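Presented as structure tokens, the chain that follows is alone, the form predicted on its own.
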Amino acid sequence: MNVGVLGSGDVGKRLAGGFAARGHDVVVGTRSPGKAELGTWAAGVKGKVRLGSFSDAAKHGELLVLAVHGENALEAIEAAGQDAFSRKVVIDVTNPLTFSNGVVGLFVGTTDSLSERVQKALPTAKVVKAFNTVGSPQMVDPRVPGPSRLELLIAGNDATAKQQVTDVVKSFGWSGTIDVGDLAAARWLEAMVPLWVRVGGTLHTWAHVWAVARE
């Protein structure tokens, strides 16, 4: 299928590469599609990846991925144009992180979430929170010791959309997903991330994964 990825950082590139390697036609939306290093990356990806604007990516994708920095999420949506998201599944990978005075925190949380704000900005889209609780190295073909089942935490309001995202997650090498509820549950998925950052700083790695150990 056609996939639009909004964001060309480590997360956007990792997910775009995962989709392309599995035969999907991917357009990556970025503020700087002519940037040489992005062109070099796209040329080296296995599969079909093109660079364009946020609008190009949003219009191209049957499935969309929002993978910009959290503070830029609503701006990226506005730049892409709300109509381009209509009735589409949007995988929201963003986190509302702040690093004031070197301390990681959230600019929204507990009583609201960035995902809920994204959904309000896109009332006809089907927003699913996913991939926000793991580092980009493990998003596709995860390789971690430990549990035999490695399941990704997701949340969203639409059951069909969550099933489609689960299919994507499985195609990326995960055992499946754990559905933690409607999009309000994204408040807690996002709230896990400052701790993930602190653990990464302690362990000097960004390839760690929150996993649910169960029988």
Ligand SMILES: NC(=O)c1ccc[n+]([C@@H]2O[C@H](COP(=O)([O-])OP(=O)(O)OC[C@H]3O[C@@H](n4cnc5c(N)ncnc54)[C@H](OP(=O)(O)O)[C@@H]3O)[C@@H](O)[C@H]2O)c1
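Owing to the predicted nature of the structure, the values given are computational and were not obtained by experimental measurement. Start at 1 with the first residue shown and count on from there.
There is another form of this protein, the form predicted together with the ligand, and it is not shown here; the text below is about that form.
The ligand is not drawn, but in the predicted bound form it has a heavy atom within 4.5 Å of residue 7. The ligand is not shown here, but in the predicted bound form it comes within 4.5 Å of a heavy atom of residue 67. In the predicted bound form, at least one heavy atom of residue 32 sits within 4.5 Å of a heavy atom of the ligand. The closest non-hydrogen atom of residue 98 lies beyond 4.5 Å of the ligand in the predicted bound form. Only one of the listed residues (84, 76, 140, 89) places a non-hydrogen atom within 4.5 angstroms of the ligand in the predicted bound form, and that residue is 76. Residues 131, 132, 134, 135, 136, 139 are the ones in 119 to 142 with at least one heavy atom within 4.5 Å of the ligand in the predicted bound form, listed in sequence order.
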